[in-house]
Ligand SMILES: Cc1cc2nc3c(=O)[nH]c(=O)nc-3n(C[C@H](O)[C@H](O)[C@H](O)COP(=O)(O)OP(=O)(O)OC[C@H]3O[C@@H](n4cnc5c(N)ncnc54)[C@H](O)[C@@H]3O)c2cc1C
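Coming up is one lone chain in structure tokens, specifically the form predicted alone.
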Amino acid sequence: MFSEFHIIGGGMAGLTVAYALANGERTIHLWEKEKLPCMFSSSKNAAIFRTYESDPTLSMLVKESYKQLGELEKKAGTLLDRCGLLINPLEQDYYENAYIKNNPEMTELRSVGQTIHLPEGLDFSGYFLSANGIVDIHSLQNYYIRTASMQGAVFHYNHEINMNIEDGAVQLSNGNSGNIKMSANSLIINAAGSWAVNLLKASHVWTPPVEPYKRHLFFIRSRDKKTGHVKKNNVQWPVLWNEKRDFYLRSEGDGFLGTHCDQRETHAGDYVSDEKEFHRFLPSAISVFPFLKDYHIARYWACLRTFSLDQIPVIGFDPFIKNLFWVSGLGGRGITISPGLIPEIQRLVSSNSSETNVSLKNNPYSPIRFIHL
């Protein structure tokens, strides 16, 4: 049984792991190469909490995540602005009714057909989920850190970690102090986001097929043509998500936050904005929501979404390295699914079972599924 844990990565995945495992008795160290947690993907996304998914594994996970979020809110206070989500989906969530049937207390996750009237005579129709909305990322991360710290977890910032494989196990080192002393019962948890696979490339070992993809987010607003002043945004709309046109939009301060869902494979840490996406965004936005014709881009930025080959998270013990556990490939859903991963991580780490013998029915997120392809 593992009693010491070294978590690599201080984004939402790593903080979730620290929160899940800290119990006052375990030795837990979290290593983050930046000066603060959640400086990259976890702080550059749209923070949308969405429980509508067509994939069966994700469908169940996001709904369980909503239940777990409710438990967190009992201790941390409000973490989710339940402004609602109105989605025009490509595929139905066929597991919605089955989940609610087995969890009658979660009827608030049932979607209902709805149409809202937008400016320029536009009607937007889809499935409305009243319990979805926007996560307060800072409150969630602060709660994870504060609670884990009270249970003895130690957070090390500004430490860039290197992984080396010796005798089939991970050895850790960093530029600040060289080799990191570990006990014989140490488990390394790789939650390094877009850097997760890179950490092991020098050792030439097998890694799950996980790759980062770049996407851009845009903050737009409108000015009064006479005064030049920024118009106030007083709309009370839910998040509008048109999957068929690859576009979503949500209220943000005195404007809107949106994306045309561009996606391009890239490399770890590539947060450089692409100018071509700047020129593509407004024409795309106006084609979906004509009322945005008088809006301009106030700022934009790139974020990374790290996906596995089948777009399902990679959670579980490495099949070849005896002290390595993966929490990777959250694929742009980290904010939504992190609460749901808490009991999964606790269960899987405590089982201490070899991934070479694991049943995918018991752990559908196991990295071994890619070996079976």
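Start at 1 with the first residue shown and count on from there. In this text, all values refer to a predicted model and were calculated from it rather than measured experimentally.
Keep in mind that the form predicted together with the named molecule is not shown, yet the notes after this line are about it.
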property: Heavy atom contact within 4.5 Å of the named molecule in the predicted complex, the stretch among 152-160, 87-95, 281-289, 71-79; result: 152-160
property: Contact of A13 with the named molecule in the predicted complex (heavy atom, 4.5 Å); result: yes
property: In the predicted complex, L61 touching the named molecule (heavy atom, 4.5 Å); result: no
property: Interface membership of W31, the named molecule in the predicted complex, 4.5 Å heavy atom rule; result: yes
property: Partner contact for Y271 in the predicted complex: the named molecule, 4.5 angstroms, heavy atom; result: yes
property: Heavy atom within 4.5 Å of the named molecule in the predicted complex - the one residue of L348, I342, A46, I312 that qualifies; result: A46
property: Contact assignment for the named molecule in the predicted complex, among L129, A148, A192, I188, heavy atom within 4.5 Å; result: A192
property: Within 319-335, the residues that have a heavy atom no more than 4.5 Å from the named molecule in the predicted complex; result: L330, G331, G332, R333, G334, I335
